[in-house]
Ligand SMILES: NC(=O)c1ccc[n+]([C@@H]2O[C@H](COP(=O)([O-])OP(=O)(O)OC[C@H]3O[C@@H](n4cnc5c(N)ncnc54)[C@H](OP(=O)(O)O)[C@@H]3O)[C@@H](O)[C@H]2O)c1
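First, one chain by itself: the form predicted on its own, in structure tokens.
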């Protein structure tokens, strides 16, 4: 039985930085697999990898007690063919690599949390989507989520408990966080309802997200887990709450067409 408390994070994202701070405060040693070692802040130790090929980073994985994989290119871009391919490959390939190494490891990490997304569910205004009874949607984003999860599931590891993090929007201050984008819109007077405003939004605070990670690491759940606040809210309600929290008196609404046009060719 391994007693070390070594955490290996894959990806130097906003979520990775939050998890680093959280687990370090709990006494864990944290390493980060990254293409940009200079971007990894102390107390984490950067470990170089490209997310596509095997090399010296495998040592860090074999020494880890827990692996949390956050890899995935930002979706804040136009969805033309090259970006679609990059979005997909940046999730599937860095999930395949750890699977290959762990399948060969005689003493692998006891837990592997792999990023996924609540985007996998269909757009629903009639009922909530649970891990067991949720309905998978359709479209490019859903296809990416399915491929992402399928790759993680492909590696059936007897000694490693696997959890798929179907995470909703995580709200917190930090580089490249969705909150910073929304706050900027609000301060520009653009945080009104989007489209009808009746569509539901699932979200979770950054601190609660980190608490969820700690719970999943120490618990016994496996498979898909929805990482989100228990009650979704409408877009209209969410944007109004955002404006109030920032002291913004008004927010211009966005048409349904305007909400999606920036992502299309």
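Worth saying up front: this structure is predicted, and the values here are computed from it rather than measured. Residue numbers count along the first chain shown, from 1.
Only in words, not in the display: the form predicted together with the named molecule, which the text now covers.
- Just one of 73, 153, 96, 80 comes within 4.5 Å of the named molecule in the predicted complex, counting any heavy atom, and that one is 73.
- The stretch in contact with the named molecule in the predicted complex, judged by heavy atoms within 4.5 Å, is 164-172, chosen from 186-194, 120-128, 164-172, 133-141.
- Within 4.5 Å of the named molecule in the predicted complex, a heavy atom is found for not a single one of 31, 102 and 112.
- Contact annotation: residue 35 falls within 4.5 Å of the named molecule in the predicted complex, judged by heavy atom distances.
- With a 4.5 Å cutoff on heavy atoms, residue 20 does not count as touching the named molecule in the predicted complex; it lies far away.
- Proximity of residue 51 to the named molecule in the predicted complex falls within the 4.5 Å heavy atom cutoff.
- Residue 90 belongs to the set of residues with a heavy atom inside 4.5 Å of the named molecule in the predicted complex.
- The single residue of 119-148 lying near the named molecule in the predicted complex is 148, the criterion being any heavy atom within 4.5 Å.
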